[in-house]
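Below you will find one chain, with nothing else, as structure tokens; this is the form predicted alone, and questions on how it binds or moves follow later.
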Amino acid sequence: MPNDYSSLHPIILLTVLALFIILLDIFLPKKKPAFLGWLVTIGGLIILLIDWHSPDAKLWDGLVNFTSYSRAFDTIFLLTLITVSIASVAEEGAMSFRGEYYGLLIFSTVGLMLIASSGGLLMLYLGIELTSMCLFTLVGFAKREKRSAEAALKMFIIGAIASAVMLYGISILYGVLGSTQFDRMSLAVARLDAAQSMALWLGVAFTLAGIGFKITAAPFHMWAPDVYEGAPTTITAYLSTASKTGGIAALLQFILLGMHSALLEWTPIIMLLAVLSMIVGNLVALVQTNLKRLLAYSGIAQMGYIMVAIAGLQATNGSMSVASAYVYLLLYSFTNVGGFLIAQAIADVTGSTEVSALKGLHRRSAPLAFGMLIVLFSLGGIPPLAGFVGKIYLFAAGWNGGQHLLVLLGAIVSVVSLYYYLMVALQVYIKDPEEKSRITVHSSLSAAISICVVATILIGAYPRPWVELGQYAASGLQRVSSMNIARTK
């Protein structure tokens, strides 16, 4: 790959956009019109177009690699940024620091894009830290609300511990392998002797623990329900999707590019995370009465499904596992953001995010009730929605990768998950509403919800383009991995 610095233009433009939004907000009058979210949306769309026309490049001795893999994941990050920015326009009037709000949101996206293009653990760690610092600030953005401040403090403390654990793991890997660059790590792993395998296992375990916090995989999930409940709902929507996507992007790069030869070290850990995430996420969700907490535990289970495919990565040579994980992350982003935004629309009227606040929703707002039904059925894997296509693809990758027991467990707990999704649907369509007044939704929030619902239906009805996009992402990572493997021979 050539040293073409034009590949940096999307990241540079995003940084400029963030600074411009912050400075523009300073000079606007006190009674500011709500349009900054639309500026971010327009800027995000332009940058997405530029990113897709950027060439492959390997810069600074492989510190960053721009490939089809990074561009495909950038698509999810930017689409999530755009959707959340549109929804945030509805809240702009009540924000005291709206410029900083959008600026931090954009900077967190920059961090995620650095993760997807990282060529080693150093850039991957820097991207994670940039994203984390922005997100814990955004979680506490409603600083006058006790729950928001508490959520930010919890995320900061637990995030700092997870960061230290991950950094310790990276230091062990550097001591054993002599480098933090993925290509050099893969060369060193292939030449290790048996005496060094225990140290390598410890380094991999600590590093995966840090990434596990990022994707809220059990048992590193304890912070997520409290943070999701206390954070502003638009931030929860972003945190629960784009941030997790960045974590999976980091995980795939780490094990496929840097640790592809260390099968015995990382596969058992991934399998354990998959089992715990699927069981804990689904079982604890059964007793939740708050919609945001329910979606948080549902998200933990969804990460478990993705790791079923990742556990079979080595046997499938990576391509099918990476493609299926990407497709599921794409559809999950639209579905989960839609669910949280509907929760925001309900909370704006009722002041509550409890499941009971959804009683008789079909009588108060038929479009919102339909949107919630689509979200629930997609998360539950009901055909012909996007979630069904995604789970079939994930489980097929896991089965082909030899993870038959994990696939069977995933199928069983997926049936269990239908119970709590249907309990929410029961509140929406069967229960009588406590109030008869109609629910009105801000036009921008309604537009964001509509985007998510339509995308969820379209991906399920016509999955081919999205599957091809997943294969496009896998091809970029597979190409780099094949080069690394060739160098070890």
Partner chain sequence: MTHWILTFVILTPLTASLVLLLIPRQLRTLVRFVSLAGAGLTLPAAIWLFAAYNRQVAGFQFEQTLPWVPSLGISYHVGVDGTSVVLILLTAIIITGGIFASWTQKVRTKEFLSLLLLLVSGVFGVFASRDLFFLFLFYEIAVLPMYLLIGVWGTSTKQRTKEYSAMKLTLMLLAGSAFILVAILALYFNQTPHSFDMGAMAHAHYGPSFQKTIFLLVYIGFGVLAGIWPIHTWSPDGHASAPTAVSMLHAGVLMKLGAYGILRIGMGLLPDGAQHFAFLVGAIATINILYGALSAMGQTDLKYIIAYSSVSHMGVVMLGLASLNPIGINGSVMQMFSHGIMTGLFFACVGLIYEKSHTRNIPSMGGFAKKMPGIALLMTIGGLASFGLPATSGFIAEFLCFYGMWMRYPVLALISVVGIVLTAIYVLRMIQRIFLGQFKEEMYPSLPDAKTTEWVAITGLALLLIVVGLYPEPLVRMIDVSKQAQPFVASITPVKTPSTNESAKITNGNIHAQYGTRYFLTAINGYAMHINPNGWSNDAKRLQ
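These numbers come from a predicted model, not from an experiment. Residue numbers count along the first chain shown, from 1.
Below, we turn to the form predicted in complex with the partner chain, even though it does not appear here.
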Mind telling me which stretch in 441-449, 39-47, 454-462, 55-63 gets its heavy atoms within 4.5 Å of the partner chain in the predicted complex? 454-462
Verify the contact flag for residue 415: yes if a non-hydrogen atom of it lies within 4.5 Å of a non-hydrogen atom of the partner chain in the predicted complex, no if not. yes
Against the partner chain in the predicted complex, would residue 419 count as a contact residue? Criterion: heavy atoms within 4.5 Å. yes
Using 4.5 Å between non-hydrogen atoms, is residue 276 touching the partner chain in the predicted complex? no
Tell me, yes or no, whether residue 362 is in contact with the partner chain in the predicted complex, where a contact means a heavy atom of each within 4.5 Å. yes
Suppose contact means a heavy atom within 4.5 Å; in the predicted complex, does that hold for all of 393, 423 and 426 with the partner chain? yes
Exactly one of 408, 263, 198, 287 comes within 4.5 Å of the partner chain in the predicted complex through a heavy atom, and that residue is 408
Please pick, from 382, 153, 130, 188, the one residue with any non-hydrogen atom lying within 4.5 angstroms of the partner chain in the predicted complex. 382
